[in-house]
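Single chain ahead, written as structure tokens, the form predicted alone.
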Amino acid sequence: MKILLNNDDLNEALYNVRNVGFVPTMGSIHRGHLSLIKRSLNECNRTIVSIFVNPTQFNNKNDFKKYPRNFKNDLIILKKLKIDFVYFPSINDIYSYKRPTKIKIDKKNIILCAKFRKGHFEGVIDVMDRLTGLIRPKKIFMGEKDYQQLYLVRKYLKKHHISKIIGCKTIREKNKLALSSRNLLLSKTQLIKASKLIKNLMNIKKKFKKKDNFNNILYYKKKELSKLYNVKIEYLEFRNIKNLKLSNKLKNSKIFLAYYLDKVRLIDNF
């Protein structure tokens, strides 16, 4: 495994290398990341993992400061997987040029997280565009837990790059909680509460019937669950996974959720 600390290292390592698989991360590697990396190792000749905590996608400075970082442990984990390259770019490596026009999200897509995190997805798309331009991978592997992110990044990159984005299934703990680096910020009590909330919603979805008004049901459940678990639920909606429009059909639709456990924001979809 080669550690690439700047763009010169990156260009030298990837010179004349084909069929590269790319897994973008912000570190704090967990089993969700590992599933993406293993798929890349199976499908591509070379695999590169980036670790970059991108400041432009945080709309809260404290959130950026508190985001869990454990680079030494990340390297130990990645070395065991026998990946080819790990890329640790600096802010100057990524933002070496000024974008001629700002990235903007269509009004129709200012829903879910985009509605509550102003500038977040513009920052995500910007950094993914820059990383893809630097690495030029054949395939990019991203998790479905951040589904709106996957949807918007795929939509943008498809117009500007030949790299193919592969969406990968959300990996969960035995308690049904989706794996996330932010889970490291939760206490045991908070983890139990989050697990109960997710299980409750999964059970509600199982009871959905074709004639039900799903979003109407979730509207009242949002209030009920907020009180029951003492959490702040930002959104709880049933949407089509192909276009993210509000849905009243079970096929190709999921529950989308964002909520706060004290000051920790978590998202999920199922």
Ligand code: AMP
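Position 1 is the first residue in the sequence shown; the rest follow in order. Everything numeric here is computed off the predicted structure, so don't read it as measured data.
The form predicted together with this ligand exists for this protein as well; it is not shown, and the discussion that follows is about that form.
- Only one of Leu112, Ile135, Ala178, Leu186 lies close to this ligand in the model of the complex, with a heavy atom inside 4.5 Å, and it is Ala178.
- This chain appears without its partner; in the model of the complex, the one residue of Ile198, Ile171, Val86, Ile94 with a heavy atom within 4.5 Å of this ligand is Ile171.
- Of the stretches 186-194, 145-153, 72-80, 100-108, only 145-153 has residues with a heavy atom within 4.5 Å of this ligand in the model of the complex.
- Proximity of Leu36 to this ligand in the model of the complex: non-hydrogen atoms within 4.5 Å are present.
- Although the partner is absent here, Gly21 is not a contact residue: none of its heavy atoms lies within 4.5 angstroms of this ligand in the model of the complex.
- None of the heavy atoms of Ile241 is located within 4.5 Å of this ligand in the model of the complex.
- Among residues of the shown chain, His30 is one whose heavy atoms approach this ligand to within 4.5 Å in the model of the complex.
- If you take 65-101 and check each residue for a heavy atom within 4.5 Å of this ligand in the model of the complex, you get just Tyr67.
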